[in-house]
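First, one chain by itself in structure tokens, the form predicted on its own.
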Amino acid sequence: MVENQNIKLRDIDNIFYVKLNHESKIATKNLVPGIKAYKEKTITITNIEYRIWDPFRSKLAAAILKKLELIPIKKKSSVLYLGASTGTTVSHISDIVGTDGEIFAVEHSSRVARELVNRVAIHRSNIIPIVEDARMPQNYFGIYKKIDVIYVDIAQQNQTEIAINNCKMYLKDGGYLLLVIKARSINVSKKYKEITEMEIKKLKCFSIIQKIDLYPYDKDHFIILAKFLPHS
């Protein structure tokens, strides 16, 4: 743990810039002080603990560092997260949305979901783990309202279609989609930028706000920020 570092509040709720070892990083205020999710570094300033958000382990952190111009996940947001894995990014989203927000964390692998529960969700009441296949959103339990943001990080050839189906079922009109396009999961032969453009064209009921190449944090990955406008 590092004490007494200079910290600057970002202009988005609950995301902070931290100057650590002469390098700018981002962090979130730990919702459960003293408990880590993935051996992340923590810093304490005026008795408040912050968790450094590693962009090499979180595509959302990478996107923020690469100038994501709108961060739709904020305090009190409801988030549907597809591909929650062991909860690295989920834990930081939990910090951001706070106790009045919620994350429905979908993970299809029961083994991985156990890690999500035991390492992260058991300590954070705003995370609702769902052990289901994102290809079958009708099977999710516990989602009782339309969601503000859907975040999709799954390695499927039809990942964009899966995202669209989930949005049609759960996303609010005017809500936001953050879609990680994993080019090599879709096609191993075409150029990854070409694949990204092909996938964007499928988002017919969305207004595309921004696309970000996640290199050097992730190779052959883009993240797409889009607004859901099903009736436009």
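Quick caveat: nothing in here was measured; it's all calculated off a predicted structure. Residue numbers here begin at 1 and follow the sequence given.
Beyond the structure shown, there is the form predicted in complex with S-adenosylmethionine (SAM), which is absent from this document and is the topic of what follows.
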Review point. Honest question, do Gly83, Ala134 and Ala155 all end up within 4.5 Å of S-adenosylmethionine (SAM) in the predicted complex by heavy atom distance?
Key: yes
Exercise for review: Quick one: from Asn139, Asn118, Ser109, Thr99, grab the residue that has a heavy atom within 4.5 Å of S-adenosylmethionine (SAM) in the predicted complex.
Suggested key: Ser109
Point to revise | Contact flag, Thr89 vs S-adenosylmethionine (SAM) in the predicted complex, heavy atom cut 4.5 Å | key: yes
Exercise for review: Consider Arg57 of the chain shown here, and say whether it contacts S-adenosylmethionine (SAM) in the predicted complex, taking contact as heavy atoms within 4.5 Å.
Suggested key: yes
**Study point:** S-adenosylmethionine (SAM) contact in the predicted complex: Lys182, any heavy atom under 4.5 Å
**Key:** yes
Review point. Among 119-127, 142-150, 99-107, 67-75, which stretch has residues whose heavy atoms lie within 4.5 Å of S-adenosylmethionine (SAM) in the predicted complex?
Key: 99-107
